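One chain comes next, on its own, written as structure tokens: the form predicted alone.
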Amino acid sequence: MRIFIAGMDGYLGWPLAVYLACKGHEVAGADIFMRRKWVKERGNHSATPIRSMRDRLGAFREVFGKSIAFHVGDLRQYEFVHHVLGDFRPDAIVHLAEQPSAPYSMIDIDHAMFTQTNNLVTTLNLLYAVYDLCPDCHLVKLGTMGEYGTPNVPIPEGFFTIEYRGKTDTLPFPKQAGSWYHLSKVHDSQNIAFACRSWGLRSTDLMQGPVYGIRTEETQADERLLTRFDFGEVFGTALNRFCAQAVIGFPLTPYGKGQQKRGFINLIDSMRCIELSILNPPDRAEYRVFNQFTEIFSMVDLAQAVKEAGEKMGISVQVAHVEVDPRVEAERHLYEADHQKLLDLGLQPHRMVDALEYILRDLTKYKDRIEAKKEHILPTIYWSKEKREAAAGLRLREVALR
């Protein structure tokens, strides 16, 4: 198949391009290296050293004898999107070209505005180009489980059947996003569903939980092929932060009570889920939703798992809660979510407990890079003035950084 990856330089985009190309697909992609710029803007860097795209593509040709087409350009510019899709005519598009961080979107008005503008405009450009150039193309958009929020009822895969005043209908499950970033993904979902209804397009919306891991079978063949591993408060997931903290002897820092629950997925499984979605497209005019995660953990469970994995390696790991959760979120809540559809398509999940030790061992090689930027791990971005005021005067930061 001819597969186009929007956002090919990112954490998921690069290993996905390598994975699909090694599977025999013809792969092309585009990026303008915004993720690198955003992380640098915050004064941080990836724990793993990331090569230039030229070096990555050259290493891929050298190791695997295959080529991936790449375009440098801004997917917010419709002329560019129209040109690259018109030239490539993909069978499927994987849309990863969005600002993916909730904390980044909550910094201030400029970052909130940028997140919503960047994410919505990019999606609209792809929708219009598909409609104009390749209406049979399957758009696979990476959503987020964060679109649902944490309702006090089980979460279905996108839709649920409801009876109200004697009438029954199947409707989109209500969204309760918790940040400007998550709201941008909700708007994307609505826009894509509308395009499918109105224009007969086909799309799969992957509501993905936090992804963990550094390596895939393909990228571990050569260090030049590694994907990024962000560990700061802005672009690092809770698990990434905990693993980075463990290898430098920094206390693991769950926010608040640490009872917040999320659904997690291994990087290898994320690649497979996207592939399964591509290989099993929806019908024309169909907008479908898959919940893309494999295991649910609370933050304290996550910290305990990292602690146990570190201690098996002889690393002494401590846990020190951040007293004030910087986010406006329920610290105790129900989290039951369906995730059967990808299993039915053939996904065979990996377990987090089996991956933690190799993640810690990989990160140990880059310990100095984490140590150099450790001040970026603890939270400084608060979702509200009340949260910021409540955190004033707390000394966890000074204690942890000694």
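As the structure is a prediction and not an experimental result, all values here were calculated from the model. So that there is no doubt, residue numbering starts at 1 and follows the sequence shown.
FYI, the form predicted together with a small molecule isn't displayed, but the following is about it.
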Contact residue in the predicted complex, from Pro90, Gly310, Gly158, Gly209 (heavy atom within 4.5 Å of the small molecule): Gly209
The one option of Thr144, Ser203, Thr115, Thr219 with any heavy atom within 4.5 Å of the small molecule in the predicted complex is Thr144
Taking a heavy atom within 4.5 Å as contact, would all three of Thr237, Thr253 and Asp325 count as contacting the small molecule in the predicted complex? yes
Give a yes/no on whether Ala102 approaches the small molecule to within 4.5 Å in the predicted complex, heavy atoms considered. yes
Would you classify Glu79 as touching the small molecule in the predicted complex, given a 4.5 Å non-hydrogen atom cut-off? no
4.5 Å heavy atom contact, Asp108 and the small molecule in the predicted complex: no
Within 4.5 Å, heavy atoms only: does Glu223 come near the small molecule in the predicted complex? no
Quick one: which of 70 to 78, 271 to 279, 186 to 194, 209 to 217 gets within 4.5 Å of the small molecule in the predicted complex, going by heavy atoms? 209 to 217
